[in-house]
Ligand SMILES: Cc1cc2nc3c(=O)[nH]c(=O)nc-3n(C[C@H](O)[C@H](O)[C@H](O)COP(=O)(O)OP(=O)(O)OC[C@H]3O[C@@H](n4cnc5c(N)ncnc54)[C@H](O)[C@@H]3O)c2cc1C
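Before any questions on binding or motion, here is one chain by itself as structure tokens, the form predicted on its own.
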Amino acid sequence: MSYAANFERMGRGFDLAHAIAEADRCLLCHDAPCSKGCPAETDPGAFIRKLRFKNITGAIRTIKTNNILGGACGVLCPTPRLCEKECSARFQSLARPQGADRPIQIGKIQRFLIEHSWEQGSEVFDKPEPRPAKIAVVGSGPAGLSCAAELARDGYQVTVFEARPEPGGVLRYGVVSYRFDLQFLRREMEDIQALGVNFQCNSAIQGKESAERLLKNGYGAVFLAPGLWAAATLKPTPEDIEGLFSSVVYLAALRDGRLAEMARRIQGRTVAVIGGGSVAMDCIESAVKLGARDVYLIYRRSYRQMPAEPDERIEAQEAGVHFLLLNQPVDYVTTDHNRLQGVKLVRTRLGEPDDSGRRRPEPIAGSTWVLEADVVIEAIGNRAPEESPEWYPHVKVNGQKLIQADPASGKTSAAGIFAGGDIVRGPALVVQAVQDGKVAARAIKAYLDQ
């Protein structure tokens, strides 16, 4: 049986009538709190107001001007805890904490407007006057794309260097198709390429002083946004265990032509996913769609402490996933030929809060047990490659090898080198990476104009 159909396309968004009806619920706040709730300054208060008054072209232009990845953010952003949380339509008060109405569905309106612009062939940006300065962007994830687009709109010659065969970063290789399909990404990429951005794929900027070398090769500035593609793991050499995958490898396989191969590994087997964030939710739900016999989510804290969005957790439970909470993996059980047989777990209890503000999981002595599993997917975070500081030796990094950059400008300790996205923040939201790219682009323009 083929499970490819489960991964083909994400669900349909709003149509015109639905989007206008939702926009008509807007209270037209003078100082829209929803706009303040958007980390990328997409300004939902402005584009919803324009849609309400049937200025659809103006609404589209507002989104694309403020956020070149407005479509991706409309689909992937956790809007209930960002812009929609601030929506005045909720009428929340101390006397009515649950609110009197529901917030405007801002993300769905935003997605509709971008898709409508593609259907209508809307051209948002005028062709800029070309500038002689060349800028290198390392990485084509949300931060790199955002920075490249902002600079190209002002006429700068921007080249994006991408290590993988296709551009898109985490949007291309880290999100399952039923949440964000490749056709949608291609249309968003076409908008960026139309600005004149040049992409060089299969072009990793790695090796000693490779980033600084770009400055010597004629680029006036460099923006580093390579993302975090090294996976955290329980074992020092996880690739030696057959049946053990990192979320990076697993999710990429579902997007780069290896879906059938992964389906053969998953179908009819017991799968365990370690982690409690949105990436873990993608892994468990996709394993269900691939026909796993049983899927377990292993998380060392409690249900309420999981960083995944509430709707993601509920969807996973409705899909039949077994949640093993307050259990911490400590090792794997394998055959003599290093074939995975199970996960060794220890039960935990919650102690005092740690640096994250959540109560720390503490192992319970004598509670070790083994969960039998054929496949395990580790979704316990990503990190910078061990050798990455050698690629930009004059750029300061912290103990986790994340680049230290000024959050107000993206400037690093090396003149002409800026940085943003996960390589600075650690794993974060797409919308935050988009804003990092915008902030750095402004600083790069000021730097080149000196």
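Residue positions are given as counts along the sequence shown, with the first one as 1. Here the structure is a predicted model, which means the values were calculated and not measured.
FYI, the form predicted in complex with this ligand isn't displayed, but the following is about it.
Select from the listed residues Val273, Ala148, Ala225, Leu113 the one whose heavy atoms reach within 4.5 Å of this ligand in the predicted complex. Comparing distances to this ligand in the predicted complex, the residue within 4.5 Å is Ala225.
Would you mind picking the one in Ala263, Val346, Met189, Leu251 that has a heavy atom within 4.5 Å of this ligand in the predicted complex? Spelling it out, the residue with a heavy atom inside the cut-off is Leu251.
Which one of these stretches, 313-321, 358-366, 284-292, 157-165, sits within 4.5 Å of this ligand in the predicted complex when only heavy atoms are counted? Looking at the partner contacts, the answer comes out as 157-165.
Is Ala440 near this ligand? Define near as a heavy atom within 4.5 Å, in the predicted complex. Residue-level check for Ala440: no, no contact with this ligand.
Is it the case that Trp229, even though its partner is missing from this view, gets within 4.5 Å of this ligand in the predicted complex, heavy atoms only? Heavy-atom contact with this ligand at 4.5 Å: present for Trp229.
Answer yes if any heavy atom of Ile380 is within 4.5 Å of a heavy atom of this ligand in the predicted complex; otherwise answer no. No.
Contact label in the predicted complex: Ser203 to this ligand, heavy atom within 4.5 Å: Flag for Ser203 set to yes.
Neighbours of this ligand in the predicted complex among 128-162 [non-hydrogen atom within 4.5 angstroms]: Stretch hits, in order: Val138, Gly139, Ser140, Gly141, Pro142, Ala143, Gly144, Phe161, Glu162.
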